[in-house]
Each structure stands twice: as structure tokens, then as C-alpha cells.
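Quick setup: the C-alpha cells below cover two forms of a single protein chain, split into structure 1 and structure 2.
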Structure 1
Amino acid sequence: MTAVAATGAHSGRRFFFANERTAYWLMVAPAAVLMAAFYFYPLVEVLWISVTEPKPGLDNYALLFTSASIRRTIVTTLRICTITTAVTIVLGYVVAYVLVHASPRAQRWLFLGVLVPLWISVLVRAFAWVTLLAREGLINTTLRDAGIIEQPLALIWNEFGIVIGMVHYMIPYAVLPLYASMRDIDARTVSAARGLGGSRFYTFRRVFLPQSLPGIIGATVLVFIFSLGFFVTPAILGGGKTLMIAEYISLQILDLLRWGLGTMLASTLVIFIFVLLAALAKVVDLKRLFGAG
């Protein structure tokens, strides 16, 4: 600033510019300071605790390979997330496909149906599924009154219940990137393929599907990552019997006070997610995917 002020005749003008940039930096500052002090600092603290408590070293991380209950939790988490992602992408693809090809009027209604659940509290959604799927829930009592079953079906407090609740939660997150990539597909390429005699299915498989691939990859990454650290829905619909990693971490901290173990798992989760994103950064436009593009 002093250097700028000392450059002679144009100093007033230049100082004015430096001043202006300072003003813009001052506008960025409150958010930057709040985020640094109250978001990033505690986040780094988690990584730090994982290598210092109860004693310095990587002992906590060794548990990843030796503890049977941790391995079980990780395998369960990966299995549930993989199934959830696969089902979500297939269903989301159908919705996005129909959306792209719908009339503007139908499109508005479909969009409303996809977006409204996003705005409704995740607890309300989980509660609605409990009402439907519980032992004495609406589905079981209806089926029993209709004489179709005698014993209630086990629809909840197991992996089935978790997957239903998670798929229901995740579909909108899959539809949006899929829709965005399908909208960019030039409809003339499809007409051309059809005009040249390609069957409907052949055209879809060889022309439409490949062009929607970026959307598929993006949606898959998004849904898989959101699923990995998901707490509320799996905790409610799993009923404490099927533990995914987020609930396992909260148990370690809130009930067992095992900070070393809890922060180690939390750090592992974050590192895994960022490695996954780094690996896919070349294929997927991450900023656009997370809404900031």
C-alpha cells in the first residue's frame, strides 16, 4: 500500500484501486474468519485428536485392521451405500429421462414432485417411513387385515428399511445432475440415429446413454458420498440393530467416550471421501455437481 502511494502523479488513482480491492476483501473477511475459526479449525482438530489420543501415534488407525466390530460396520456401510446408489441411479435415470422428454406442463409437476421432498425435514420423512413400515405399521396391518400375511413382515430395523429410506432421500440428488446432463444432449443426434434406421433401444444404448454418461458418473459420486456419512435416516430406520459408520461414530463419542477411536473413524471417512473425489475430479466437474458452478 505504501509502495502504491509513493508512485507519484497517478498515486491518487492507484491508491483508489488498492482501496477498492481492500473493500472487497473486507467483504469476504467475515465469512472467511467465521468459517476458518468455527468450521475448519474444529475439523482439523478431529484429524489431530485421531493421532494424539489416547497417546500419540497411529494406534487408532491400526484398529481398522484388527477390530472385528469396526470391520463389520465398514462392510455394512459400503454394502448399504452401494445398493442404495445403484437403485437410486436407476430410478433417478428414469425420472430424469421422462423429465427431459415431458411437455412443459408435465415437467412442472414432475419437478415439483422431485423438489418438494428435498425441502421437507429429513426427520419427517424418516418418521413417515416408520409409520408405514413398522411391525404394527400401516403396511403390515393392512396386509394382515386383508388376510395376505399372518406374521408381520420385517420391513424396518434392518438393511431393507435403511435402503428404502435412503433411496427415497437420495433420488432427488440423482435426478438433478442426470437431468442437467440429459438436457445438454442434442436431440438431433437421436433423430439422426433413428432416421438411419436404428431401433429405439439401439439408439438409446448407442447414442443417448453414452452422452448421458457424465451425468451418471456425477450423480453416482454425489449419491455415494452423501450416503457414506448419512446419519439420521439409517439411525432411525436401522433401529440401532444395523449400524452404519456415522451412527457407530456417534456411539463411540456420546456413549463410550472413546475419542481416539471415534475421531479416527471420522478422519478415515473424510479422507476416503476426498480421495474418491480427487480420483474423479478429472471426469466430473465437481463445482458444478455440488451446485457452485
Structure 2
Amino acid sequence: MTAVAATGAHSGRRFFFANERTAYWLMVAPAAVLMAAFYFYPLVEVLWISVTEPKPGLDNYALLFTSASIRRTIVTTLRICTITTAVTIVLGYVVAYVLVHASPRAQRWLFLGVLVPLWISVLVRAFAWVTLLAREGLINTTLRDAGIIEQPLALIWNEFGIVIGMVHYMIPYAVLPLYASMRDIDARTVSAARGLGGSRFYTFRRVFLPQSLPGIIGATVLVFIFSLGFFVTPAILGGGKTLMIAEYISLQILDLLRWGLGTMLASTLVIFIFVLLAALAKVVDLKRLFGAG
């Protein structure tokens, strides 16, 4: 009797877990189908075009090493993205540090200031910077009227203007992971270091900064990855004089109809981003970084 009951209970557990797995896959299936149809299939198609147009082979990828214009565009993109990432992380770290140590009321206002740019179109923000940075814009006009400068400063239609626009856009993407990392730092470790005679700077450098390092690494990789795909901001603030990889891809596909070259560059960019994400996953918890942990 006991053996029969145990067998029945075991069968019931197996039936329950089987039903649970079935329900899980039924819930996941629609999302998996959508991902396959609208994400993975287009990626495979782009990869396929990159090795078949204008003729089958790896000739398009060989241009990465032989074409001076492609190398120049890649170097320009990496330089701008590196500068943008460095400036963004420094500013984002300061903002996140202030957020962590602010009162709840001040935090609400600071968060509002951080998040508002995310709600404004990137096109609107780019044109706003044109208004501020142009030769006859607000900044140059103010400096000239104050007698500080005689000739307008070249603040736009160059890499400087692109970096300013990109940093403005990327600040929230640096602040949020940095804030999440700093918020988890045990304040008692900082208090203990101060109690043992450590100065504010020493305590920050030896206690607080090392514990916030995962957030710095995560924010750095995220900002750099997002910066690689910028199109609107460089196109407007660069004035066509500074070409980044996304604009170069658009030029090849839409204007010159060089589909093989354009898709090769897009594929290379995607592969590079996946490699960066894989490296990031080795250093920080991606679930926690993206708010799922």
C-alpha cells in the first residue's frame, strides 16, 4: 500500500514537472518565433549578402585591410567612441556618486534630470546643439558679445561637436548602471575606513572606487557599444565632414548601392559588439546590469 502510494506520488511529481516544462515552452515560444523571424533571420540574411554580393567569396571582408577609406572611417569611429565613452563615464560617475549620497527628495529631482533626455527625440537634441554651437549660435554669440573671443569658435561640423552631442545622449546609459553598482556598496565599509583615520580622498580611492569597479566596466562597455551605432547625431553635428561607420554603411547601401560592402561592414560591427558583450559577461553579471538580477 505504501509502495503504491509512493509510486503514485512519484508519478504525480513527474506529471507536474512535465506540465511545468510544457507551460514554460508554450510561454517562451511566441517570443522565440518573433526573435527568429525579425532578428536572427535578418542577421543571417545580412551575413549572406556580405559574402555573395557582388560575387561569392570574402572579397568584401578583404577590404577591411586594403581600403584606405574604410580604415579611415573605422579609426575615426573608434576615436570618437573612445573619447565619448571616457568623457561620459567621468561625468556619469560624478552624477551617480551625487545620486547615491543625495537625500530622497533630491534623488527624485536628479533622476528626473537624468531621464528627461531619454524622452526627447535624438533628432530634436541634435538640432538643439546646432542652435547652441553654430558660428552664430548662442555660445559663440555670448562669448563674442562679452569680448572673450573675436572670431567664432569651431564648435560644430567637426569631431568636437559630435562628441558633445553623443556625450549628452549617452549620460543616462552611464549613470544608471553606475548608480546600481554604487547603491549596493555597503556604507559601513566607508564609515569604518573613515573611523580608522582615512581621509575622504583615501577612503574613496581605496574603499569606494574599487567596489564600484564592476559598474564602471559595465557602463564603459555599454556606452562604447551604443556609441558605435550612432547615425543621426554624427550626420547632423558632423555636417558630412566627419564620417562614422553607421553613416558610411548608409552611404554604401542607399546611395552607392554597394550592398556587399555595406552588409560586410554591418556584419563586422555586429560581430564586434557580440564579442564585447561576451567579454563583458565574463566580468560583470549581465542580468544584474540590465536590471533582471
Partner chain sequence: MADESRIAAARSTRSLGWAIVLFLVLPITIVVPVSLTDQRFLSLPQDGLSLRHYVNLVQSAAWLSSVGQSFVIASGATVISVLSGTLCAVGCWRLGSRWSELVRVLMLVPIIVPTIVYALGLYRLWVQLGLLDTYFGVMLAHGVTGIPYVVIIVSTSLANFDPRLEQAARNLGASVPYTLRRVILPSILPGVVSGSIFAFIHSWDELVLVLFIASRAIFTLPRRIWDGINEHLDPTMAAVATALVAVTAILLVLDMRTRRQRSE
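Values in this document were obtained by computation on a predicted structure and should not be read as measured data. Whichever C-alpha set is largest while still superposing within 1.5 Å between the two forms counts as the rigid core. Numbers follow structure 1, counted from its first residue as 1.
Eyeball the pair and call it: which is the form predicted in complex with the partner chain? Looking at both copies of the chain, structure 1 is the one that matches the description.
Core-aligned, is the CA shift for V116 between structures 1 and 2 2 angstroms or more? The answer is no; the displacement is under 2 Å.
Answer yes if the CA of W25 moves 2 Å or more between structures 1 and 2 after aligning the rigid core, and no otherwise. True for W25: a C-alpha shift of 2 Å or more.
Comparing between structures 1 and 2 on the rigid core, is the C-alpha shift at T142 2 Å or larger? Superposed on the core, T142 moves its C-alpha 2 Å or more between structures 1 and 2.
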